[in-house]
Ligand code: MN9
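One chain comes next, on its own, written out as structure tokens in the form predicted alone.
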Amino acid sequence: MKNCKGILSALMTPFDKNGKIDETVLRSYIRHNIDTMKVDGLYVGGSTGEALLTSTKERIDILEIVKDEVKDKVSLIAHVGSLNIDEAITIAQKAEELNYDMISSVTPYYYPFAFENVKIYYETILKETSKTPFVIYFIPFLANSKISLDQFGELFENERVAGIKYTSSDLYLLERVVKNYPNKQLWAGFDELLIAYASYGLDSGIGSTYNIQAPFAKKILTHVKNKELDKALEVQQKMNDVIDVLLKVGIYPALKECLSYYDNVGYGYCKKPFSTITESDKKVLREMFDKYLSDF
């Protein structure tokens, strides 16, 4: 089983002004992440990629473009989650056909599903695919679904469940999972808490801001591993200064604006109802970029 460890960017999807996938810019995003950010992998089709705003065909098109551009240069995890389980299965089967290293899915969301419903959802996707390792995307504050330590254990009974993309600030639960399931992989899901996750032993992360600040994330993991917590905190503070600005502007449009500041990276728009950013926002982003990120 491929481990897909390290720092993975949650890949963004660029659209043109009419809301169509911009393949040229998408390929430039991919090359930027591999060649400039030096990421270890890409998490494709997640919330950062605006997957929940795109059609099944568009999601499959994105998987195909990414695989074609990446080949086997870095690890690839395909997010296949959908409230429509038939769509999730279709996308998962395509990811498996394309030989993605892992597939992943958010818990079924919006409705207050019980754990048994979540378990059925995951078991169905696993049954309808044959070999690809699976990653639980745990993001309770958005998905309206919580999973306990024992319930994670139930999901882990299926050997194909490789681990968790852990996007929660519940560090107590995180520590319990790490201790009780040491053979499972965990990816830090909140970029702003990477130092905390790393202090509990996580050596990998998946994040949207790694599209522009993956080198910072790699430094944090290295510093924590070397027990240099003061240095790790200094880098985390820089990362969070960047995140503060991105959140104030609107994280996805802001990230796409910042990506356009790099040579050979095109400009991508967000899908509606996301809005375009103002000229004053662009000025703020440029100042932040020049202060923190221009050396990458």
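So that there is no doubt, residue numbering starts at 1 and follows the sequence shown. Everything numeric in this text was worked out from a predicted model, so none of it was measured.
Heads up, the form predicted in complex with 2-(acetylamino)-2-deoxy-D-mannose isn't pictured, but that's what we're talking about next.
Enquirer: Using a 4.5 Å heavy atom cut-off, state whether residue 207 contacts 2-(acetylamino)-2-deoxy-D-mannose in the predicted bound form.
Expert: Residue 207 belongs to the contact set for 2-(acetylamino)-2-deoxy-D-mannose.
Enquirer: Might residue 83 be said to contact 2-(acetylamino)-2-deoxy-D-mannose in the predicted bound form, defining contact as any heavy atom within 4.5 Å?
Expert: Because no heavy atom of residue 83 falls inside 4.5 Å of 2-(acetylamino)-2-deoxy-D-mannose in the predicted bound form, the answer is no.
Enquirer: Is residue 165 one of the residues lying within 4.5 Å of 2-(acetylamino)-2-deoxy-D-mannose in the predicted bound form, judged by heavy atom distances?
Expert: Flag for residue 165 set to yes.
Enquirer: Given that 2-(acetylamino)-2-deoxy-D-mannose is not shown alongside this chain, does residue 28 nevertheless sit within 4.5 Å of it in the predicted bound form, heavy atom to heavy atom?
Expert: The answer is no: residue 28 has no heavy atom within 4.5 Å of 2-(acetylamino)-2-deoxy-D-mannose.
Enquirer: Based on heavy atom distances of 4.5 Å or less, which listed stretch (50-58, 228-236, 65-73, 243-251) is in contact with 2-(acetylamino)-2-deoxy-D-mannose in the predicted bound form?
Expert: Heavy atoms within 4.5 Å of 2-(acetylamino)-2-deoxy-D-mannose in the predicted bound form occur in 243-251.
Enquirer: For the spot marked by 10, 139 and 142, is every residue within 4.5 Å of 2-(acetylamino)-2-deoxy-D-mannose in the predicted bound form through some heavy atom?
Expert: Answer is yes for this spot.
Enquirer: Just to be sure I understand the contacts: of 181, 200, 190, 113, which is the one whose heavy atoms reach within 4.5 angstroms of 2-(acetylamino)-2-deoxy-D-mannose in the predicted bound form?
Expert: It is 190.
Enquirer: Judged by heavy atom distances of 4.5 Å or less, which residues of 219-235 approach 2-(acetylamino)-2-deoxy-D-mannose in the predicted bound form?
Expert: None of them.
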